[in-house]
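In the structure tokens that follow, the same protein chain appears in two forms, which are kept apart as structure 1 and structure 2.
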Structure 1
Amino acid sequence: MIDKRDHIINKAIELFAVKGFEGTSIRDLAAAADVNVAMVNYYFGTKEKLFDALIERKAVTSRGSLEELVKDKTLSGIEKIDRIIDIYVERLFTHRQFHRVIQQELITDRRETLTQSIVQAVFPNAIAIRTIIETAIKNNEFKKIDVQLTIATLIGTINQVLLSQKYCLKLLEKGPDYIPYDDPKFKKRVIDHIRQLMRDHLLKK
């Protein structure tokens, strides 16, 4: 049975995804979770600390998968990159509304402590990807490339597709009724494109 703290976090994820950080109040969160305001304050103290908790939960889920990839001796470097692309596309597409809230906080930087919390929570994931790429370079599988900007290219390409549905529709020459993120064919297209991009960029000829 899910405990109250986790239940509140789950409801907060849903609310922040729809209303954003600014548009969501503690009262909204309490009502959605069917608890009183005092209970939300007991577990988290402030809305910012609740946001911190759910960011950390999201990051930890990805981190576990990435750390397993780092340790896996059976996969090549490019196979690990393929898995990373699968993980990011699947999770970001599935939770795209909430992901947009996170990106909005990072872009606007209106709340310094919140921005720092997001960066601190997700940065270990970038470290895991860096380790995979650097190991493959050392093993002579990958070319010597700019590792940091390669990570930015990989994740940034997915972010660009997700951040504005209107821009994405314009780019794809689709009508307003088309939701690309719910289309398995489009998801596969994104995965295949980034995989090919990374292969051309990373692998030695």
Structure 2
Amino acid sequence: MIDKRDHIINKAIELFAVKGFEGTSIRDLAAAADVNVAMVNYYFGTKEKLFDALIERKAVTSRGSLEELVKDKTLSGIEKIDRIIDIYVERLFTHRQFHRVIQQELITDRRETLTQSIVQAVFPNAIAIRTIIETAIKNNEFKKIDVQLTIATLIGTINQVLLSQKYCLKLLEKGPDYIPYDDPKFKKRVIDHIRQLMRDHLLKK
């Protein structure tokens, strides 16, 4: 075992993703992580601070790489959008449990400060996408569409597929044993769909 704090955080993500923050007790977590109940408070102080640490810890690892894309001069607007879709789907599928935890917090809005810090952490991505689209509109490559809601569509489509597994399976007409998020074919299918959608919506005909 490398770092016990990380070990606890990882187990917390697993449990929070399934049962939610309030739905997961410290005793549940301690049992799952195979540590004494008091260790959680020993390392993190309180349950809420554990959550903060969890956000802090994992938000850092999944940041970056979109800003460079914005500056890139060699790619066209639609090529950049394609790359963004790649990165986004790949990232959110890989860290989908962490993503669920974050989105649950965003939706329930349990604590003002935490929600704000999540928004702060996630929002630069939206800014990057906006810049790319607006630049391409000025360059006459893209149509003049509703940029903000187009971003909502981009992210909303992925969220719709990722957040509610039961509904997703029903939509795909698959049995309860099929886990689409582990299926690279499905990942490709999502990428292809959003790419086509954005081409249709953004590019001039």
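FYI, numbering is relative to structure 1, first residue = 1. As the structure is a computational prediction, the values presented were derived from the model and not from experiment. Whichever C-alpha set is largest while still superposing within 1.5 Å between the two forms counts as the rigid core.
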Quiz item: Quick one, which of these two is the form predicted alone?
Solution: 1
Exercise. Using a superposition on the rigid core, decide whether the Cα position of V18 changes by 2 angstroms or more between the two structures.
Key: yes
Quiz prompt | Threshold 2 Å Cα movement between the two structures for A53, core superposed | solution = yes
Quiz item: Taking the rigid core as the reference frame, is the Cα of I9 displaced by 2 Å or more between the two structures?
Solution: yes
